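Quick heads-up: it's one chain on its own, the form predicted alone, in structure tokens.
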Amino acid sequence: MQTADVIIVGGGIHGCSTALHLALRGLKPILIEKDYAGRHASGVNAGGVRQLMRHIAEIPLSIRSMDIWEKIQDLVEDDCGFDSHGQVLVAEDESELAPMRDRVAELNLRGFNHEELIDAKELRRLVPAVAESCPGGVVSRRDGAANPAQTTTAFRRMAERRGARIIEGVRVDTVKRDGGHWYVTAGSEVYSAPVLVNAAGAWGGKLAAMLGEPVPLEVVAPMLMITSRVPTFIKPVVILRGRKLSFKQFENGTVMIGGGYLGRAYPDTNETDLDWTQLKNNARTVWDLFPIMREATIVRAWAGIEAKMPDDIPVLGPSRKHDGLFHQFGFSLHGFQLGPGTGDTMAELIATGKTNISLEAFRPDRFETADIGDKHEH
């Protein structure tokens, strides 16, 4: 029997961040990961560090996280490849600009000012290569991008240095609660702790169901492409909502193209298949909006395995059925930026029993009590 203060299941950015922040509070966590830290969503995503266009319920977490991102070197002794050139949401026409205008006005009324409406002139100053027909958009100037594998590895490494135990390559077989403690069997070992954190990502729904709290989680495979090198023409990350696009140029000239198009995921075997028709649609959007990209070639494409919830926000916070159980999964293709702040928030909640950030919208039982969409509008 190996004992700890907290057992964390899942070694993505969220599990590793929670392990680090628990260790910084003097607790002794054990993290169990069936593959290796960052193997799936956390290590293979687009690396967006984005406050822009978040669900309103996520904004306080996102702001808390951005405060950590801006001092990430101090926390993990690694810059994580983080740059802060902003993120820009481009409107392709006036019909797309109108709801952006309404969104920024609503956020301002709620006391949030990180999103700023921009006209065509400012859009072209920020993104000179964008098509002339685009009338404006929204910018979040503190936003940026980081290297996801480098970041997750940095959190894992620092968590271990601060006293967390990281166990990789071992799958959790059974979980039970007895006498105020959780007992987790993984491989040939049994681990015991009063607190259990379900940070198992795409596999989090399966673990939640084992513990009597099923949620309607969908396992998905968001796809990304990387291009050949082209002359430097863009600094911020560019996103579109009408025709889905996420678009970033690296210092070496290559361009990453994403936007949430989905391949097929096979979580039981850790495999994914790409949908080349959807990737073609993704590339067509780039062709239309950025003529400079028309000579570029696609070098490779891939897909991660991620968890998506019906309302596109995570399952986060204490269990409604078991003392000492916390859920932290289902980040719906945009959890990377939230990792540092959510880990800090979860550690605070576990260590002190409270946090000043409301997690009510993320309750695991919300799907039992309300029609999806009624309480979680964007």
Partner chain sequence: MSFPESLHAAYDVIVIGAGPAGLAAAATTAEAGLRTLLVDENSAPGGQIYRAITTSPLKNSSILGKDYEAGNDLVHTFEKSGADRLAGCTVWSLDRERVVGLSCGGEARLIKAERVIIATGAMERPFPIPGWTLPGVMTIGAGQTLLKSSGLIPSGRLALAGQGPLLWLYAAQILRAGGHIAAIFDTTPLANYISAAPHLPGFVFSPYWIKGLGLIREVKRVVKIVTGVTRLEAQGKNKLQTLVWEAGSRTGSIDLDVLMLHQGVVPHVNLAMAAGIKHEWDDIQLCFRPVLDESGNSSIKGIMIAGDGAGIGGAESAAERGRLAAIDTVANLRPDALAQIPSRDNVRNRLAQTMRGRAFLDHLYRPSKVFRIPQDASTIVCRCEEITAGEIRASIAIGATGPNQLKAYRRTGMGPCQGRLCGLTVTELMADERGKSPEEIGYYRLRSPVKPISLAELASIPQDETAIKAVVRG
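Small disclaimer: the values here were computed from a predicted structure and weren't measured. Positions refer to the first chain, counted from 1.
One more form of this protein exists, namely the form predicted in complex with the partner chain; it is left out here, but the text below deals with it.
Going by a heavy atom distance of 4.5 Å, is Lys34 a contact of the partner chain in the model of the complex? Judged by the heavy-atom cut-off of 4.5 Å, Lys34 is well away from the partner chain in the model of the complex.
Partner proximity in the model of the complex: Asp74 to the partner chain, non-hydrogen atom cutoff 4.5 Å: Close contact is absent here: in the model of the complex, Asp74 is far from the partner chain, nothing within 4.5 Å, heavy atoms only.
Can you tell me whether Leu207 touches the partner chain? I mean in the model of the complex, with a 4.5 angstroms heavy atom cut-off. Because no heavy atom of Leu207 falls inside 4.5 Å of the partner chain in the model of the complex, the answer is no.
Would Trp302 sit within 4.5 Å of the partner chain in the model of the complex, counting heavy atoms only? Yes, Trp302 sits close enough to the partner chain in the model of the complex that at least one of its heavy atoms falls within 4.5 Å.
Among 34-42, 317-325, 335-343, 60-68, the region lying within 4.5 Å of the partner chain in the model of the complex by heavy atom distance: That would be 34-42.
Listed residue (Arg161, Lys280, Arg125, Arg110) with a non-hydrogen atom within 4.5 angstroms of the partner chain in the model of the complex: For this set of options, the contacting one is Lys280.
If the cut-off is 4.5 angstroms on heavy atoms, which of these, Val190, Ala120, Ala149, Ala131, is the one near the partner chain in the model of the complex? Of Val190, Ala120, Ala149, Ala131, the residue with a heavy atom within 4.5 Å of the partner chain in the model of the complex is Ala149.
Can we say Lys176, His181 and Asp312 each have a non-hydrogen atom within 4.5 Å of the partner chain in the model of the complex? Negative, none of the three is within 4.5 Å.
Within 4.5 Å of the partner chain in the model of the complex, which residues of 257-280 have a heavy atom? Give them in sequence order, or say none. Those in contact are Ile257, Arg264, Tyr266, Glu271, Thr272, Asp273, Leu274, Asp275, Trp276, Thr277, Gln278, Leu279, Lys280.
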